[in-house]
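Shown next as structure tokens: one chain only, the form predicted alone.
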Amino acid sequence: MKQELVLDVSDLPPPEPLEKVLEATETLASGQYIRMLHRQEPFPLYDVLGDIGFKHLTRVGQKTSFEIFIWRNSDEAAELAVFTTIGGA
């Protein structure tokens, strides 16, 4: 099982990026996180993620304008994987 699920929504029109990432959060297993690739920073997404029990971290992307890392609040393994990934990138 891969820890990182890459979701490239950079070419999708609104509201598809929000819909796609929310669908993807439902499939996350323990230890997994999403790396969402987006052309703009999805500010409306952040409150939604908090409301449904997820954390996020946003940074300037390497292949797209933004990368948003998303994992469950209680998933320490996924959080460690995110910070290991961004620390080594």
Partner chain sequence: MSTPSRLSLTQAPPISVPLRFFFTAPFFGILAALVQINAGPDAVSQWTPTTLAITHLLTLGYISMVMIGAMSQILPVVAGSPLPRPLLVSSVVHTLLTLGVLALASGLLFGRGEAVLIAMFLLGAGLTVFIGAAAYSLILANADNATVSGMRVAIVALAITVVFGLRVAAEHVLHLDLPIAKSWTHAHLTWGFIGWVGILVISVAYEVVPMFQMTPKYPQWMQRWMTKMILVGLLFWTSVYLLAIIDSTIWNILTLLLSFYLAIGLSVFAGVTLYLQSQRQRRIADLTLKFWRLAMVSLLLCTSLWVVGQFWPSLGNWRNIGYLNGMLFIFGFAVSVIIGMLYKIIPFLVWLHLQRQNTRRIKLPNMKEIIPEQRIRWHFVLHLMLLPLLAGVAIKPVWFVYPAATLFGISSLLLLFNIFTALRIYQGYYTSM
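Keep in mind the model is a prediction, meaning the values are calculated, not measured. Positions refer to the first chain, counted from 1.
Not pictured, yet referred to below: the form predicted together with its partner chain.
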Exercise for review: Using a 4.5 Å heavy atom cut-off, state whether residue 56 contacts its partner chain in the predicted bound form.
Suggested key: yes
Practice item. Using the partner position in the predicted bound form, report whether residue 12 sits within 4.5 Å of its partner chain, counting heavy atoms only. Key: yes
**Study point:** Distance check, residue 37 to its partner chain in the predicted bound form, heavy atom within 4.5 Å
**Key:** no
Check your understanding: Is residue 48 close enough to its partner chain in the predicted bound form to count, meaning some heavy atom within 4.5 Å?
Key -> yes
Check your understanding: So which bits of 7-27 sit within 4.5 Å of its partner chain in the predicted bound form, heavy atoms only?
Key -> 11, 12, 13, 14, 15, 16, 18, 19, 22, 25, 26
